[in-house]
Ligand code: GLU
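So this first bit is one chain, no partners, the form predicted alone, shown in structure tokens.
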């Protein structure tokens, strides 16, 4: 069996980190087995689906390196849905209903008031063909429900949650088609999974009840259900779902200077017992991906942790990988010097400005201005050699530690901290360094 997974977003908005985590885990599961990862655009909602969101989804996946092995769009598959729906009608597995939303809500309230579960009572099954004809003549159009088999317990072994058991008698027959003929999520998804040869469905635990219903839909269509796994949902660092987490998109992360490798490294391991390792690339993450390592506790997404991972990724990037993104004139030696101080690649331009100037050095105390004037004289003699400069100044002035180093760094860079001065001073050059020391003095 070829392992085939899918990511099935609705193009009613852009992807957020929770969506991307689902896509990534399906990609890892497929790649680990040498299988296929498919993208299915669930665009049956014609009113809310937008083509710009389809393009944004593709762009986000491409940015992350999650290139699908194929793509399908539900809006192009309506003929298939009609054929399979007709089979279910003929087999008596879907039936017509006419209750309004208000009538259904009243039934739910009555059941809850009696201490009973609010399960649909299947009243529509009692309608005769004459009743249906009368409703049609009156202009009433039915919605359709899938008829659950009450004699067939619903069971599967979940890849994360273990053995699952549902009693169909405690479940409502789900609506699968609206009165206007449009489709709800449940049935088209099953039809597509069968047609696309999906072998594994990995998704959030909020879909567990959907899976219970869909297991019987697969059987009704004469297909073997795929293997299911439901992972815990993401929560914010504060331990609960947040509006920001639900809207934190890839465009926002890109604009903040987050590298795609950092997103992959963090999200690949969230929810598992495995440590986040910035050194692992996507292939290594796929090789180590294991559903048995997922826990049931909510997976915490922390933007501070993402920033830490991003910095670690930046510190490993070779010059060849970033050359096109660096400021003009910044060579491999400069990159090696500046790289350890970066948390985002965009900060390289700020440090290059320190090298090329101009800079704004802080004002110095009188004794430090005298010291910097002496430093300029020494620099003229030893050149842009930090070790020679500081050794001579230490011997000449008796300064050591912070009083020796900090005024020099401030005068030469305008900063209190930064790259090693031994590597930075040659980049600045003797002429520019002399000019800065004299200006500070």
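Note that the coordinates shown come from a computational prediction; the quantities given were computed from them, not determined experimentally. Residue numbers count along the first chain shown, from 1.
The same protein has a further form, the form predicted together with glutamic acid, not shown here; the description that follows concerns it.
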Practice item. Could you tell me which one of 272, 189, 199, 261 places a heavy atom within 4.5 Å of glutamic acid in the predicted complex? Key: 189
Exercise for review: Could you tell me which one of 143, 339, 203, 227 places a heavy atom within 4.5 Å of glutamic acid in the predicted complex?
Suggested key: 203
**Study point:** Options 53-61, 404-412, 34-42, 373-381; stretch whose heavy atom lies within 4.5 Å of glutamic acid in the predicted complex
**Key:** 34-42
Review point. Would residue 430 sit within 4.5 Å of glutamic acid in the predicted complex, counting heavy atoms only?
Key: no
Exercise for review: Using a 4.5 Å heavy atom cut-off, state whether residue 185 contacts glutamic acid in the predicted complex.
Suggested key: yes
Practice item. Indicate whether residue 436 is a 4.5 Å heavy atom neighbour of glutamic acid in the predicted complex. Key: no
Practice item. Tell me, yes or no, whether residue 8 is in contact with glutamic acid in the predicted complex, where a contact means a heavy atom of each within 4.5 Å. Key: yes
